[in-house]
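Take a look at this one chain, the form predicted alone, written out in structure tokens.
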């Protein structure tokens, strides 16, 4: 019994109420790191797919692997991670009200000359009556993205996009455009 009390003593000393949540800047730093990890993992798989099977295979990676990579990136954390855009390819990625507002803000900041790679936004908001931290990191359009998201898709790519995404709106981008954003949230 004494051993049990010794083992439980540190737990019993913990306060019964939750500690203060981390500062928003610390949460933004965590989210920024997770978004960066997701971006690198997704880019790695997309480039490998392009090399092994071309753009059509990359479309399959975006469709099936991107959500899996996001889930794996968030595993073991309190974060929910996804992608969204003002012009989505997959309707399941449509922005909610907060995301739509932040995407508009990011687009305005880009138009005002802010560097695309620096575009991010975060805020503590109420979700279902509880505080939550929301974060968004811009996804830019680089030259390789234009193969599947540009104005002049090759016929086989356009056909595959129509097959996989009949309601696609994620074309017509130019290099340097705001393609979308990584969106992260966690309860506080």
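Residue numbers count along the first chain shown, from 1. Keep in mind it's a predicted model, so treat the numbers as computed, not measured.
Omitted from view is the form predicted in complex with a small molecule, to which the following refers.
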Since exactly one of 70, 121, 59, 27 fits, which has a heavy atom within 4.5 Å of the small molecule in the model of the complex? 59
Residue among 110, 88, 100, 74 with a heavy atom within 4.5 Å of the small molecule in the model of the complex: 88
May I ask whether 80, 125 and 132 each come within 4.5 Å of the small molecule in the model of the complex, counting any non-hydrogen atom? no
Exercise: residue 43 in contact with the small molecule in the model of the complex, heavy atom 4.5 Å: yes
Does any heavy atom of residue 140 come within 4.5 Å of a heavy atom of the small molecule in the model of the complex? yes
Determine whether any heavy atom of residue 145 comes within 4.5 Å of a heavy atom of the small molecule in the model of the complex, and answer yes or no. yes
Answer for residue 158 alone: is it within 4.5 Å of the small molecule in the model of the complex, judged on heavy atom distances? no
